[in-house]
Every structure is written in C-alpha cells, then in structure tokens.
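For reference, the chain that follows is the form predicted alone, supplied as structure tokens.
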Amino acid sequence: MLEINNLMVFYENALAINNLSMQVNEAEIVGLLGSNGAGKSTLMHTISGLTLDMKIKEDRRGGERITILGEMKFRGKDIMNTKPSDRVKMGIVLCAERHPVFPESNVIENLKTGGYLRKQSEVKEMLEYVFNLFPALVELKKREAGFLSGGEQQMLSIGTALIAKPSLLLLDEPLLGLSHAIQPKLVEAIKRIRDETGIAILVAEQYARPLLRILDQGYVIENGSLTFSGTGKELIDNPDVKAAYFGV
C-alpha cells in the first residue's frame, strides 16, 4: 500500500529523516517507534503531505529551505509531489499529535469537519461508526470540545480522521498524555478499526508497550534513521528495543 524508499528530509542543513525505507501493507497495523525528537512526526507529516506544503510556503516567502528526496508511493502511484488535500482524497489521513480539536465547536461539529471532501451519505455512515466505536462521545455530542477530557479529545480526533474515510490512517502519538486507564481503551479501538474496516494504520509512539500486542510490523528510528525493524514479537524479543521503548 505505502512504500517509502531512501527518504531524506532536510530543514536547511539539519537532517531530519536519513535514508529511510519502510512499507505499510493493506490492513496492517504498523508501529513507528522512537524517542522524542527521533523524527517520527516529521515522517508522519511527510507522508501526509504537510512537509511538502510547508516547503512550498517557505519557498514562496524565502524562508527556511526544506528539501525532500527519495521515493514515496501509495498503491503504486508516486505521491512525492501530491498536495495534502489530494492525499486525503486518495485515502491518506493524519490524526496529529496532542489531539487537536476546535475547542469552541461541539463534538458533532468537530466530527463533521473531517467530511468536507466526502458525500453527505458517507459522512452519515462514518458518524454512526464513530459513535459505535467511541460510545462515550454519544452523550457529549453537543458539548464544546474544549471542555472534554484529554482521552475524550483523543477519541474525537481519531473520530474526525475516520469521517474522512481513510484507507491509510496515520496516528501520531495517540497515547501521549493519556492516563494508564484510558490507554488500553484507545489501543483496543485502534485494533477494532483495522479488524472491522480493513483500514491500514501507521501509529507513531514513544512509549510503545501498550501497542505491542496489536502490531503486525514495527520500525524503530533514532535521529531520523531506521535502527531496527521486525514483527511485534521480534521487537519485544530484542533486549535493546525492549529496554528503550517497552519499559521492561
């Protein structure tokens, strides 16, 4: 589905992604693991097209020079120069870190923003799915998003991304800042999304232990470079990876 070969991303002279190659297959849950500042968000933004959009804007105003090199294909099509909105139409949807929401809009209004490129019938279908996936949001439909808890906002963020009907869902640090009580519920929801819809999911996390059991494949990056890859079992069996990212 998604194939990345020899990807490099520079911000001026700083190397953010270094010769990275990886892939995400249909209906897989793939983990992207690394410490804070390892390059996870840069990679997620590059896949979604946000880095390209930033590059175009910076070039226009003569600001920071951004360089993107390598190969990135989605279902066999080169997307290196594809706009973010066109990537969404193709099915690549990013749920950004720190559960961004429109705080002054209510839950239902936030969710509907995810469907601006979809038909009304598709939005209605996905709204029903989101409320089934996250029943806690049903009672909160009319509540302003700014008054939701961190866990509720994360459910809302993922729900909004699902309204766009992705075939590849990018989750950037979905467990960040959430309580240990809420984390397993989010992990189970991620697994349900894949199992029930067939959506492929690439999830970036720093502390990956809660995600381990649901990963089909995992990639560990440090300083923008790939340092280890393997199945979920291979990751947990590696002592260095286990100590650094799984807290065991």
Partner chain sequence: MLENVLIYGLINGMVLALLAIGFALTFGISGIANFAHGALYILTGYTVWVFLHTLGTPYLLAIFLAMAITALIGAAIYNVILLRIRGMRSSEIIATFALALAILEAFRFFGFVGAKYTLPTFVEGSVSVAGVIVDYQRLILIGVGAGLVGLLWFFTHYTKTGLAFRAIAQVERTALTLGIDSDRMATLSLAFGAALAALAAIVLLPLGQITVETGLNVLLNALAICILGGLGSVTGIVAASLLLGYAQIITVTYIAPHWLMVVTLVAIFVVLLVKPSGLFGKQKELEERV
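Residue numbers count along the first chain shown, from 1. The structure presented is a predicted model; accordingly, all values stated were derived computationally and were not measured.
Although not depicted, the form predicted together with the partner chain is the subject of the following passage.
### Task
Please check if Leu50 has a heavy atom lying within 4.5 Å of any heavy atom of the partner chain in the predicted complex.
Close contact exists here: in the predicted complex, Leu50 approaches the partner chain to within 4.5 Å, heavy atoms only.
### Query
Do Arg65 and the partner chain share at least one heavy atom pair within 4.5 Å in the predicted complex?
Residue-level check for Arg65: no, no contact with the partner chain.
### Query
If you check in the predicted complex, is Lys57 within 4.5 Å of the partner chain, heavy atoms only?
Result yes; Lys57 sits at the interface with the partner chain in the predicted complex.
### His180, heavy atom within 4.5 angstroms of the partner chain in the predicted complex
Heavy-atom contact with the partner chain at 4.5 Å: absent for His180.
#### Entry: Listed residue (Leu148, Val130, Leu175, Leu94) with a non-hydrogen atom within 4.5 angstroms of the partner chain in the predicted complex
Result of the distance check: Leu94.
#### Entry: Site test, Val187, Val203 and Gly218 vs the partner chain in the predicted complex, non-hydrogen atom cutoff 4.5 Å
Per the other structure, none of Val187, Val203 and Gly218 touch the partner chain.
### Query
Within 73 to 92, which residues come within 4.5 Å of the partner chain in the predicted complex, counting heavy atoms only?
The stretch touches the partner through Lys83, Pro84, Ser85, Val88.
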